[in-house]
Structure formats: structure tokens, C-alpha cells
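Below you'll find only one chain, the form predicted alone, shown as C-alpha cells.
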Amino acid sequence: MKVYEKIIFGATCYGIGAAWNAGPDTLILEPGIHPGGEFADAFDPGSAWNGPLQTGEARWFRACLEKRNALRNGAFHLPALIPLLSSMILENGIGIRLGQTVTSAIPENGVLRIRTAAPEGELEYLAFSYLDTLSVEHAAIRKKSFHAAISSDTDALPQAEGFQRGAFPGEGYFKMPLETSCTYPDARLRLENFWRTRPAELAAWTVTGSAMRFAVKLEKTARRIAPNHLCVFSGNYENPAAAFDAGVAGKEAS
């Protein structure tokens, strides 16, 4: 069995950044069907997009979004994230396997034996190091929210709490803070109930979709399980560019 230099769980913005210059002996295992799910599936457009970036790769990444008109004056068109990350993976030759949920990472004779649940059954991989960019411990959650994409025929921006504008006229996102114990069905029900009696500022806006996962922030971005087993939650960064920047720089990994 091939031994990878590094296996990364999650085709997240941080995970792709960590794999960017890592070479062919790095493999990303992604449980979903597309990259960037920590922001895209949570309907989280991020914040502080004009903040400083440490690496040239991250500045290029942000410039690509601006060139595509997906990033304007600090407002982000979230649907642009997945196509750009996908092209980055393909054009940079980053190894990736989709539909792979890591179930365990067990030390064994100087390497880690990583088991995954996949459509074809249980699979195993060997790696000298393992980087988990997706897993969340419930006890470590500091903030939790449920987001929705909203749209309107008007260009007027509401002053309602929880509203965040998108890059295009009539594009917006709504953030509903939750207690950490709230379940997904309850969150959807709360959004529906709130929207039925929403404030007048949001009367002209319509929900076009609700998030497939929660947006969460942890108490600590990184935790080290073992010398060769590191967890860095990509969703803890302010926006996709900041997460990619940290991954390329190896921030939190030292």
C-alpha cells in the first residue's frame, strides 16, 4: 500500500492551501462532492475580505474572485467559490478523492492508518502525517448560526440585523444566530417562523435557499492530537481567502 506524505481531510479552503505546494504525495479526502463546503454549504459569504493576506497565492486567489466580479467592495458572490476552487485543484494537479468520510486515524509503525467510509465500502490509506480541516467537537463550538440566501428586485439594502449583502444587486444572505444545542430541523423551522413575521426592512426580500450545514466558530482554530496528527478547522477563518492563506502559509501548523 502506498504511503502518502500527507493526507488532508476536507477539500476546504485551508486544506487546498495546505496541498497547494505539497507535491504529488499529498492526497485530499473530501466527504462531499465539491470543494469549499465549509463556506459554500453553510451559505456563509465570509467577512473582512479586504484584510491583509500573508501569501502571494492567497492574494492571487482574491484577485481571481475580483476579476470574475464575484468580489466587489468586500461583498462576495458565494456561488463563485466552488468553480474557482475546482479549477485550482485540477490545474494544480492536487490529488483528491470525493465521497470519503474519515472514520479513524490510528498510529501504526511510524505512520497513520486512515480508514474512510466511501460509496464502495470501507477503504484504508497510510500517511506519515494527517491534517483534519473539517471535524468539529461539539464542546468546542463558540458560535453557531444558520444562514439563508435571499434575493430582491430592489437595490435598497435593508438595515435588518443578520443581513449581509452580496456582490450583485438584489443578492443577500441572512444569518440567524443559534444556541449550540439547536438541531438542523429546529433551525429550519425557526427560519420559517421568523420569515413569516420578518421586519418591514426585509419585506421585499425572498428566501431562495437555506444552508445545508451550520456555520460554526470554535474556541480554538487548531488542536494537535499527536505530532503527526493536526486538526485545523477551516471554517474558523473570516473568509475563504483568509483560510486559503493560512493553509498555504502553514499557519497553526507549527
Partner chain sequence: MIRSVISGGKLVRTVCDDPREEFDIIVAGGGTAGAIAALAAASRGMRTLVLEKSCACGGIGTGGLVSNYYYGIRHGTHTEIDESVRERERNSGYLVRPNCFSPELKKIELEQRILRAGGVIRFEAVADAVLMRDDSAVGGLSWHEADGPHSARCRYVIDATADAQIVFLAGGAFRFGRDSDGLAQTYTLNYSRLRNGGRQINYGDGGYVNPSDSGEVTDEILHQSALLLKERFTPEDRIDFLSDHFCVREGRRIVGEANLTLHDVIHGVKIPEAVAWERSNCDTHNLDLGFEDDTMMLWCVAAMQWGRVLHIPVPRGALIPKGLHGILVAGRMLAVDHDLSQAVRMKDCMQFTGEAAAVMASLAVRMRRDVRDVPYERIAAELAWQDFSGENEKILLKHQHEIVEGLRSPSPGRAIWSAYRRGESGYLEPLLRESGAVRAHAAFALALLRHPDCLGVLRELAERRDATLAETPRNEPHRQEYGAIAAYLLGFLHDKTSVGILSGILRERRSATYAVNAWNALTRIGEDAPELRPVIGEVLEASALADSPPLFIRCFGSDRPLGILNRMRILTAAKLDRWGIPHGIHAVLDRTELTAVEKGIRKRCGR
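Keep in mind that what you see is a predicted model, and the values were worked out from it rather than measured. Positions refer to the first chain, counted from 1.
Beyond what is shown, the protein has a form predicted together with its partner chain; the following relates to that form.
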property	result
Contact of F43 with its partner chain in the model of the complex (heavy atom, 4.5 Å)	yes
Contact flag, G110 vs its partner chain in the model of the complex, heavy atom cut 4.5 Å	no
Exercise: T208 in contact with its partner chain in the model of the complex, heavy atom 4.5 Å	yes
Heavy atom of I96 within 4.5 Å of its partner chain in the model of the complex	yes
All of G56, L131 and R223 with a heavy atom within 4.5 Å of its partner chain in the model of the complex	no
The single option of L126, A156, I106, A117 touching its partner chain in the model of the complex, heavy atom within 4.5 Å	A117
Stretch 76-101 - residues with a heavy atom within 4.5 Å of its partner chain in the model of the complex	H77, P79, A80, I82, P83, L84, S86, S87, I89, L90, I96, R97, L98, Q100, T101
